[in-house]
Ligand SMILES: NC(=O)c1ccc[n+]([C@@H]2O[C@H](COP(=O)([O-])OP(=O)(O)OC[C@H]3O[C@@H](n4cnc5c(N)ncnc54)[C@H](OP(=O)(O)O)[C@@H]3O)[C@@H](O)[C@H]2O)c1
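Below, in structure tokens: the form predicted alone, a single chain.
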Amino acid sequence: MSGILVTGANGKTGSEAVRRLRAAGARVRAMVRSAAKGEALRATGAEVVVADLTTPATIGPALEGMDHVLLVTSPSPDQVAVQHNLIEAAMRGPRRHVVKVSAVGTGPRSPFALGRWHAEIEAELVASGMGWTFLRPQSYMQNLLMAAPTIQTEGKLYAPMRDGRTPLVDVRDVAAVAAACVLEPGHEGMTYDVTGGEAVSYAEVAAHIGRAIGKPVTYVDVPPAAARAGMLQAGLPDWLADDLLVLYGIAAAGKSRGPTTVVRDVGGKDPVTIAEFARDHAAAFRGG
């Protein structure tokens, strides 16, 4: 049986992919930084390997026997270096297929740093001679959970979105597409923009959250500078706050990528709707 190494296996996308792959009966090796962080993954029947993409010597053993790699890491200024370490190690063995999770808007001239960093790694993978598939998700619905404190205390969802609409995507749908790309043939050399099934405004998002928690939630448009200050206060690093502002600005200007059918066509499921997401996470938004 071919093996699938999942990096970032403790993250939202990685952990969902591990669960989905194991449910399909795949041999999965979940990469974690410490044994303690692998217990929940081990319970799925996945193999757990302790390795760190910042430490190249640990990567080779993690790759042994693995034909596919789902490459996902947390957004970080060092992601080009750490993903390069994985690619370099993977090239030393038999020809492998790497499914890389990037972002909508990835490109060498992307207006946000994360998009340019992803483009560097995508170019390296194309040049590597390995098989590759690129997944470019739209902004994640899970990012809305950062607004839970103000929704709980004020019934307000703050963002600099104006009346822009964007097809937010759930990490469960990204994981479904990723799993299909390693379980089924025909995806090498493909680039998929992974979005939700509908473009929604933040006023609509607020209304859906309100219905899910049983109290009104109002969207409040704020200037970008105020949004940035709020993100920094919540603990986001400067570069990430700046990137998110660029993405908000694209959506606010009505220039978001429109909905695609990738989740249905490749992932084999209906996309999670914002109403479903709100219901599934009602406890987080309700608090208490």
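This structure is a prediction, so every number in the text was calculated from the model and none was measured. Residue positions are given as counts along the sequence shown, with the first one as 1.
Missing here is the form predicted together with the ligand; even so, the following discussion is about that form.
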query	finding
Contact stretch among 47-55, 252-260, 227-235, 61-69 - heavy atom within 4.5 Å of the ligand in the predicted complex	47-55
Single option in G189, P149, G107, P75 placed near the ligand in the predicted complex, where near means a heavy atom within 4.5 Å	P75
All of V101, Y140 and N143 with a heavy atom within 4.5 Å of the ligand in the predicted complex	yes
In the predicted complex, G8 touching the ligand (heavy atom, 4.5 Å)	yes
K12, heavy atom within 4.5 angstroms of the ligand in the predicted complex	yes
Touches the ligand in the predicted complex: K37 (any heavy atom, 4.5 Å)	yes
4.5 Å heavy atom contact, V28 to the ligand in the predicted complex	no
Residues from 114-129 in contact with the ligand (non-hydrogen atom within 4.5 Å) in the predicted complex	L114, H118
